[in-house]
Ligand SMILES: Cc1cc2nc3c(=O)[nH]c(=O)nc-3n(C[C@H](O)[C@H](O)[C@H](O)COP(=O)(O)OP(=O)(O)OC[C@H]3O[C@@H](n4cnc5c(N)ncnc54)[C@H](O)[C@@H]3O)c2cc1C
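In structure tokens, one chain follows: the form predicted on its own.
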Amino acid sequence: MKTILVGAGPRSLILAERLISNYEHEASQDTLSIQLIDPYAIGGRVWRVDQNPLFLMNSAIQQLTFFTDDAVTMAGPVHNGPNFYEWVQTQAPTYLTTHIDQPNAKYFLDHLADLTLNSYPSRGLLNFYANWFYEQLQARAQAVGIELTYTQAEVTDIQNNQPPYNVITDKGTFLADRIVMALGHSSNRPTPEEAQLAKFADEHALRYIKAQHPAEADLNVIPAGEDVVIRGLGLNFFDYMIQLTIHRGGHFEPTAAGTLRYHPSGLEPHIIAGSRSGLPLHAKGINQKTQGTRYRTHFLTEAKLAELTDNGQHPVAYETFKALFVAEMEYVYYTNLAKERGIASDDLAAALVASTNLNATALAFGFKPADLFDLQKVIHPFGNEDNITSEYETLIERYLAFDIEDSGKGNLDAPLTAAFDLIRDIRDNIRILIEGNGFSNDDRKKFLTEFNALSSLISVGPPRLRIQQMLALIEAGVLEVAPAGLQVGITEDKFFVSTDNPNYQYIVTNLVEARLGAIDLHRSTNPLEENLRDRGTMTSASYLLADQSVYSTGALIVDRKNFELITSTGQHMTDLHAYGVPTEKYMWFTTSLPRPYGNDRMLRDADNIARTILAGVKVC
């Protein structure tokens, strides 16, 4: 049986491992051939080895793995192996030495000793872990008679309505009995605004860097000393920030006060960064969680969700869900604040769990009104002051300094940072609602807009180091953060950038879009997605709202049980599967890599798909 995995990134590699492990375990007489196809090398586009080695992941190195473990709830066999940190400590020195001719291999080899258990590693280093993992798979596959190959090509179409499928690539056509697509984050057609700005830039000799993966952007065209507006304060912003500063010869120096001081090279531009919210993502706290350490819910429990939805029979109101989630944050915030202040926390914890108003309970235990957890202050920390002040720099510096201080207390002990971090541990509880039809269509939209924005702000931010560097760059006069409401327009011959604060407007000749395009099947320029979409083989999730308008998510629809594609006519495409990023908003939070001993979603899904595939060859 021939199985083609479209994509050679972590998700396909993990699926290949699950295919091999299940095949080994069941000892079938049938043959199995696995072919990975990707225009990028093993490891995929995001983790390419030739990107700037200063680009960091936003997870601690010990919290990353490609291997299953005993905590994964799955039918297939466990195959243990080193997590990313363990690999760095044991396998990486030899592996990097034997691959020293690869881009950045010497850099990584020279810096291995700098990596501690809770370091945030380079994205490019993960590529070496991925390639080592693939080589292990090849050896295991060969030992049990599985053919495992990789073809560097772009899949442009999949033809036929049932197996065998014709897989069309720019290097030829391949036949497949089973196909799994793990396509990652595709490039998109520009929005009308982006197309207008690009055209305007061409006509007036301006510099416009379109939305793209930061590793693929050429920032060398941005001149030293000139103003450059970076639109977006998410994770991509920090890559651009590093590319325009350290990469140009500047350096950071630790101070006696524990802060950083930036020493410019003179080659930096003057960076003006902003977004709709005006806020960078919160820093990841110093990691205090060992393998398997997870927050256990008190309010948003599986039992409570089953009660509210009558075991999935009825939707729950979004506001009810939100109140339960906020209660979890309040519980962590108050118990950690009590410990920090030397207040006996056991009685407080018990009272909070029994409370229906945690703020009132906190006041009863002696907390002051100024201490109370306020979600609106998390989302809008400056109130209306940022819209009128002429000293926004002071506001943002205080904000960043507090974020640095709190995140430095750790993701178990810090009042706010630990409260924010808990979402990473309870995503499966949340998926019960978003993937189990636990919301009405209108409330689903609220979740996917309002809650996703909150989730991004508090839980997917950069390493604390990046916020420290951001503050140092502001203090050095290299970086300016614009108030909320950043919008880009045009003058007669330049970009005009406005904010909600009339004191902060800019006219510039350099503009960088520091964001990836939305995950949207309708806008994707991936030729495979375009062809399958246009024929109706791929379709996206849309929801009819109470006002009779339609909310279109752009998310790929699949069968949530076996990940087979569901066509525009409702047909299930036999043995044609897809999982991961393109399904985001139909599934939820598909963008993270597996955590060891966390019953990780990606590992469970990969085992499920592998066993579904192998059922066809009487293995499972």
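Residues carry their position along the shown sequence, with the first being 1. Since this is a predicted model, take the numbers as computed values, not measurements.
There is also a form predicted in complex with this ligand; it is not shown, and the following applies to it.
For this ligand in the predicted complex, the listed stretch (490-498, 432-440, 467-475, 208-216) containing residues with heavy atoms inside 4.5 Å is 208-216. Put simply, Gly278 is far from this ligand in the predicted complex: not one heavy atom of it is within 4.5 Å. The closest non-hydrogen atom of Gly554 lies beyond 4.5 Å of this ligand in the predicted complex. Interface residue remark: Gly9 is counted as part of the site for this ligand in the predicted complex, having a heavy atom within 4.5 Å. For Leu528, a non-hydrogen atom is located within 4.5 Å of this ligand in the predicted complex, even though that partner is not displayed. Proximity to this ligand in the predicted complex, defined as a heavy atom within 4.5 Å, holds among Leu96, Leu125, Ala176, Leu183 only for Leu183.
Note on contacts: among Asn52, Asn58, Asn562, Gln35, the single residue with a heavy atom within 4.5 Å of this ligand in the predicted complex is Asn58.
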